[in-house]
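A single chain comes next, written as structure tokens; it is the form predicted on its own.
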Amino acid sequence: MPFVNNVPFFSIFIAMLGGIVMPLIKNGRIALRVTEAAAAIIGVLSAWLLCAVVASGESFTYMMGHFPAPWGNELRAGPLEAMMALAFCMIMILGLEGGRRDMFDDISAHKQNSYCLMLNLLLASVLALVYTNDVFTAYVFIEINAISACGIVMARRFGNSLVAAVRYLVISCVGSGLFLMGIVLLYTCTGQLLMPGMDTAVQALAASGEYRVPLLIAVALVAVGLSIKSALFPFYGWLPNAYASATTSGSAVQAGLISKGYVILFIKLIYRVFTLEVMRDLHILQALFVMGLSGMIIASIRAYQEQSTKRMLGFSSAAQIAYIFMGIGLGTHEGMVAACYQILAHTITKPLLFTSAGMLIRSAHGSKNLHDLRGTARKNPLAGVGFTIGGLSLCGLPLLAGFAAKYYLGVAAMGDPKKMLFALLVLAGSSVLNAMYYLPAIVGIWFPADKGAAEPLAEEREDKGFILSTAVFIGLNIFLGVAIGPMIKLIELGLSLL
């Protein structure tokens, strides 16, 4: 076996090891550097793996300890998994660098290593969701993901952070419970937990018509459970408060990683267990399509009505997640490709907005109110540029990632005459709503503050971490906006090898 085939295991192991050593590190700055170093090592390994699987044009399965099922566990890797792992590692590093200053201000010194512990566990759990070939292992890491996400939210030294974390935990437990019930029912019907074996059994049941109702209930429970965890409409109520209550790096990392791991797992289950044909036959995809369209509009309206910057970005995230599920709900290969492109676009754009907003909020004496951010970009131009690029990207400005994702979602929608009109109309309406709340915010941060209002703070000392993260985020955004063809081919290769 080539050594590169060990990368999925080592990626998860390094992230878990980083979490294990955190309690031994009392200095928060050292803990942060160790966390970033672990993510960087995993990122390099993921890039190596991506090159290897693209060159070979094949995916592979890795048996943990080389013991076959039912005693062993399996990981599986191909171009899609390697690409997403690389993207998530980059977002972890850039999000932490962009929000580093707020982390040390918002989190008590004795809690900073615990915060980094949760970040390492979060990365490990997301990587496990990306690579796992076993649905019960997926459930275990779903729980680890939820616990670490709650720890990231409540690490901040404010009462509303605790309230937001408890609310998220309660809703998350509902989603996890439904997912567990779904896989238990699937195991009862199929006798399998590994995806390949479950796939064979599910196809046999679907072809024979046997256990159709239990199969429908099981697939629906899995779909609803992951929809709740991903914050799809109408299950997104926890998301704005969780993002708004976390420190800047926590908000950026959550926006870039948490929901995306669940969506990637769901896409793998669709391709490797249920298949698009079975999902269409059970009418699950039609329900996801309607929920996606509804979320694109309703979450955008809520964002338009919001006056808190971080809550606005939270509702915007719910709308962007709905875009992903709209693509999945199309029920076509092109729709899945568009959904994966939207995952990448949102993964690199929303952390840019959160880190830039964090710096603008600092310039506004800590106020999160959009009105109080007027003029802050004049004192911190780089943060203003980052917020502007991120907002325009999600509005759909050409040559940026958000436009490329919306464009391909529209192209994919044209492949289904029954859904095309609804998808295109809602895409257009959602884009208009995006512009209605992002453009005033962008214009406001560059305009002088109102007379009588507190003047923005003078530009603080140079933050090299924020400069680096913002420059890379903007570069990635432009890259995804112009390199549509190569990225589509890479995603298509990844999906074809699932």
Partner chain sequence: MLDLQTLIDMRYQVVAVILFCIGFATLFLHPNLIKKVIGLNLMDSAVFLMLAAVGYIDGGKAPIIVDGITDASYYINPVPGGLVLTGIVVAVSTTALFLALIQRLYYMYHTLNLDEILLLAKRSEHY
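Numbering follows the first chain given and starts at 1. Predicted, not measured: the structure shown is a model, and the values here were computed from it.
What comes next is about the form predicted in complex with its partner chain, which is not displayed.
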### Query
Of the options 140, 298, 411, 397, which one has a non-hydrogen atom that comes within 4.5 Å of its partner chain in the predicted complex?
140
## Note on the structure
Partner-free chain; cross-checking its partner chain in the predicted complex, the single residue of 244, 427, 202, 107 with a heavy atom within 4.5 Å is 244
### Interface stretch in the predicted complex with its partner chain - options 386 to 394, 256 to 264, 176 to 184, 348 to 356, non-hydrogen atom within 4.5 Å
176 to 184
### Message
I'd like to know if residue 378 sits close to its partner chain in the predicted complex, meaning any non-hydrogen atom pair within 4.5 angstroms.
### Response
no
### Query
Hey, in the predicted complex, is residue 170 touching its partner chain, heavy atoms inside 4.5 Å?
yes
### Interface membership of residue 368, its partner chain in the predicted complex, 4.5 Å heavy atom rule
yes
### Message
residue 163 versus its partner chain, in the predicted complex: is there a non-hydrogen atom within 4.5 Å?
### Response
yes
